[in-house]
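The chain below stands alone and is given as structure tokens, in the form predicted alone.
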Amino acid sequence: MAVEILPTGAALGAEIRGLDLRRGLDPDSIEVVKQTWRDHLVLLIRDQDISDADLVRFSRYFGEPRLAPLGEARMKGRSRSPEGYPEVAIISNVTKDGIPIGSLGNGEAIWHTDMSYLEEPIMGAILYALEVPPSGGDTGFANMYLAYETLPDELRSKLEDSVCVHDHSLNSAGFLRRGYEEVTDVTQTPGARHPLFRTHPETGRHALFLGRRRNAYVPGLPVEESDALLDAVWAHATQSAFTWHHRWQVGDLLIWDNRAVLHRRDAFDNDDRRVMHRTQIEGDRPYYKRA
């Protein structure tokens, strides 16, 4: 299957053309897709018309899909996933009979890493657009390889051996998760501890690994020092020079490398429908190996 690769020209991201994901990919095409993903961190595949079975099959080229996380829909008595596909999460602001059909609503999702609050965060995530609003809901990505490589020396020395607590109490839209209380003391933030520098297990390159800013804490530091340090690294990591923003069209599929990418979502009008299906790929525990 002949494919064409079109880098975005920004700090990360590439469109790959010539794929029909309704059909299984041959081994050579799979390797091209995976290498392009390693090189560019975010892949865009447009003009797809796929089923959930196709989405799950494509996801398996990268690893084992993780079951969809609990969302607002499941909490309110509706399945979190399309029937028969527990690997697929529905991301949507749409309601049916007053109950959300999916998760995350229409609000802004600030810069974050997916599921970093777990001991083994996911490797990557795949998002497929079924319905999109006429404006808003764009998704931004930031290259954490570049953020690491351009760190000022003074900041790098402070982060070299540091870990960060990744908050489990809030989701990426800022909603309090079921069973958690609001964090009022960040030294007691619930969640996994991961190194702020991460070595990518496939490429060997180093990246910043930040999770999300709210409720983050660097153990061993006074809260004021932790906040100042994290504010500085977040300001560095999310500068526009490291980013690319995607405006969605129906049929778009994006896959990003959760090990070396931050992402965010713009808010959109809640009167407009947005329906996306998402899968997530099993990962491993982050580690940092000095060069």
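Quick caveat: nothing in here was measured; it's all calculated off a predicted structure. One-based numbering along the sequence shown.
If you look for the form predicted in complex with N-oxalylglycine, you will not find it shown, but the lines that follow are about it.
Contact annotation: Asp114 falls within 4.5 Å of N-oxalylglycine in the model of the complex, judged by heavy atom distances. By the criterion of a heavy atom within 4.5 Å, Thr189 is excluded from the residues contacting N-oxalylglycine in the model of the complex. Taking the partner from elsewhere, Arg259 is found to have every heavy atom lying beyond 4.5 Å of N-oxalylglycine in the model of the complex. Under a 4.5 angstroms non-hydrogen atom cutoff, N-oxalylglycine in the model of the complex lacks Ala216 among its neighbouring residues. Distance criterion of 4.5 Å from any heavy atom to N-oxalylglycine in the model of the complex singles out Leu127 from the list Cys164, Leu127, Ala207, Val88.
The contact residue chosen from Thr199, Asn106, Ser169, Thr139 relative to N-oxalylglycine in the model of the complex is Thr139, the criterion being a non-hydrogen atom within 4.5 angstroms. In short, of 259-267, 48-56, 226-234, 30-38 it is 259-267 that has heavy atoms within 4.5 Å of N-oxalylglycine in the model of the complex.
For the partner-free chain shown, Arg274, Arg278 of 272-288 come within 4.5 angstroms of N-oxalylglycine in the model of the complex, judged by any non-hydrogen atom.
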